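Single chain ahead, by itself, as structure tokens, in the form predicted alone.
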């Protein structure tokens, strides 16, 4: 596999073709925040907190670094004013749903995000999809999926599968960037009150 040369934050970087910008940045010690990324899972690009500016041929685009692949001559900037502003607003929106998340609060300090900017709607889920994807891709159990869409979207454990699989597993709990206790609550609720069929469980 041939190498690709690009520039990230002024640093010349050599990466393998097919690598993402996130992987290339991390390989040279450049930190980019992520919430939906997991090295063992397929790239997802859901939270967009890893957004960076990528310039090629004089054209600059905002891209999710966890899914955007390296390219020869690409110039990447990870902490521009525009990037910082995007991350700040995203964090403020997520804190409305998970106001006590330690991970979000720490990031909020880095980006001067106002945790009280938006009205609180504490679902504790920021739709990172880590639990859904981990269960489907690594465990291949499909015990958790999303229900509803848009603003009403949330995770839901499938009672028929969760009742047999989840209490002896719970490997997705510590992946949750908001609260493992919330995952336990949602699981318990699903087992006690079988409800809606998930719109996506794979």
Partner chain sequence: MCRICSAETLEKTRQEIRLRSDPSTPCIAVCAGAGCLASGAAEVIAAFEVELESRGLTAAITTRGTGCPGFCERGPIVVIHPQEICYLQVKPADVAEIVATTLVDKQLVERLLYVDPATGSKITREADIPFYKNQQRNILGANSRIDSKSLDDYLAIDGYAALAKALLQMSPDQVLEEIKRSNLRGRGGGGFPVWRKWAESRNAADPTRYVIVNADEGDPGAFMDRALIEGNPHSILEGLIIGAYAVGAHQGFIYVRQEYPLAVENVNLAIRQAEKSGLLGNDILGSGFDFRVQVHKGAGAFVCGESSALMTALEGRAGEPRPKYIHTAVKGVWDKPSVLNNVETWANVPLIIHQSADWFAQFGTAGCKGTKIFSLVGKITNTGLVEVPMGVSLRQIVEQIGGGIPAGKRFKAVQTGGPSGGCIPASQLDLKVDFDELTKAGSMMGSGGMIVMDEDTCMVDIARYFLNFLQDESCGKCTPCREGIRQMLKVLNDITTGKGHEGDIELLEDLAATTIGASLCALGKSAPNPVLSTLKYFRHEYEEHIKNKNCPAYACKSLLAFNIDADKCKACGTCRRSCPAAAISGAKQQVHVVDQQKCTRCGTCFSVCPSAFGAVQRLSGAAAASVSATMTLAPEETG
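On a predicted model such as this, the values are computed, not experimentally measured, just so you know. Positions refer to the first chain, counted from 1.
The form predicted in complex with the partner chain is left out here; the points below concern that form.
J.: Within 4.5 Å, heavy atoms only: does residue 94 come near the partner chain in the model of the complex?
T.: Within the cut-off, so yes.
J.: Answer with yes or no whether residue 117 is in contact with the partner chain in the model of the complex, where contact means some heavy atom within 4.5 Å.
T.: Judged by the heavy-atom cut-off of 4.5 Å, residue 117 is in contact with the partner chain in the model of the complex.
J.: Applying a 4.5 Å heavy atom distance criterion, does residue 172 contact the partner chain in the model of the complex?
T.: Although the partner chain is absent here, residue 172 would stay clear of it in the model of the complex, with no heavy atoms inside 4.5 Å.
J.: Please check if residue 76 has a heavy atom lying within 4.5 Å of any heavy atom of the partner chain in the model of the complex.
T.: Taking the distances in the model of the complex, the answer for residue 76 is no, it never comes within 4.5 Å of the partner chain.
J.: Want to guess which of 158-166, 23-31, 61-69, 137-145 is within 4.5 Å of the partner chain in the model of the complex, heavy atoms only?
T.: So the stretch in question is 61-69.
J.: Note that the partner chain is not shown here; using its position in the model of the complex, name the residues of 44-66 with a heavy atom within 4.5 Å of it, in sequence order.
T.: 44, 45, 46, 47, 48, 51, 61, 62, 63, 64, in sequence order.
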